[in-house]
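So this first bit is one chain, no partners, the form predicted alone, shown in structure tokens.
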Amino acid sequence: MRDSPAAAVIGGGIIGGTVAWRLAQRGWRVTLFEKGELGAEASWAGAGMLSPGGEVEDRSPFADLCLHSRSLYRAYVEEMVHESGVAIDYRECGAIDLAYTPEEWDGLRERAAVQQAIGIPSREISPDRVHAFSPYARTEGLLGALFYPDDGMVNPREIMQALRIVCAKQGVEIAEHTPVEHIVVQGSQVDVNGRLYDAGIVAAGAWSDRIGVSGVPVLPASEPIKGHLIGFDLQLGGCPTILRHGHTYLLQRGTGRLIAGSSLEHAGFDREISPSIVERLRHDATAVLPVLEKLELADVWTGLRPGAEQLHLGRWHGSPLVLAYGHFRNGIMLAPASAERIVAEITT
């Protein structure tokens, strides 16, 4: 192993954890640096939608990456469950987009036509058939709905529990509470916290550009994009598919916990919960699923999505420093394909 190449992965979320696991499987000696605890930031806060139907609006490299990553997900989860012994709530449950105005319905149909051409299937379902898919969805005033059979969900907190185990089994050195403040690129190696590595992977999400570098240009900007989410305890089967209306989405975990989200706020690294935003989310969620009106909120939390002008996946100026950040709200869905691309970039 001392003759094996070594890599430092900076950032212990789902992207960094998956990259570390995959590199270790290829025989690399990997150290995974995390300034706090593994998976405690955006990966912990995410709802876990695997929904090209809700994210992709036209043909692009991003769309291709989403579709490829979605196609990898079942095998990704099954391998992780087998290797870790952790049960992961993963379901290919589909999603329904709802339209209550003519403008919303026209918009959904136009988007669906474009999506069909790039390989995202959907089908129209009449308002009187929606309850066959989701028994409590509001059909009063509903003009139309689209069902996306390939959309799904996963519990990212369980993914992170499993990643901790599979990384350790593969010999990854997990260095929690170990911030990386500066990286020095020295020819074909990088110096991270006083140790030399053959590759350094920056996967620190919204904190990525706060890492100083020497020997290469400064890293591309990243920023935290705050989001509020709320949770209810609803009887199992109350929301069997993902429901979407405009910017509102709802999904139900296997525990019965129903998650509704989310807001989008440029508020720096502030994590404070805003009662007015929580109330708006509750109002919008109840408008889609009226049964929630009778329930008390079971949980409220915020997360900091990793925003950037574009997704960065690849070598930085041809150096052994590799970027893996800027996933915004799609880090959970894009983890398998992002790791695949990063590992290919490094090992070739």
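Keep in mind it's a predicted model, so treat the numbers as computed, not measured. Residue indices: 1-based, along the sequence shown.
Beyond what is shown, the protein has a form predicted in complex with a small molecule; the following relates to that form.
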- Segment assignment from 57 to 65, 27 to 35, 282 to 290, 312 to 320: heavy atom within 4.5 Å of the small molecule in the predicted complex: 27 to 35
- Heavy atom within 4.5 Å of the small molecule in the predicted complex - the one residue of Thr139, Thr178, Thr248, Ser274 that qualifies: Thr178
- Give a yes/no on whether Arg22 approaches the small molecule to within 4.5 Å in the predicted complex, heavy atoms considered. no
- Report yes if any heavy atom of Ala337 sits within 4.5 Å of a heavy atom of the small molecule in the predicted complex; otherwise report no. no
- Message: Please tell me whether any heavy atom belonging to Gly46 falls inside 4.5 Å of a heavy atom of the small molecule, as the geometry stands in the predicted complex.
- Response: yes
- Message: With a cut-off of 4.5 Å between heavy atoms, is Ala308 one of the residues that contacts the small molecule in the predicted complex?
- Response: no
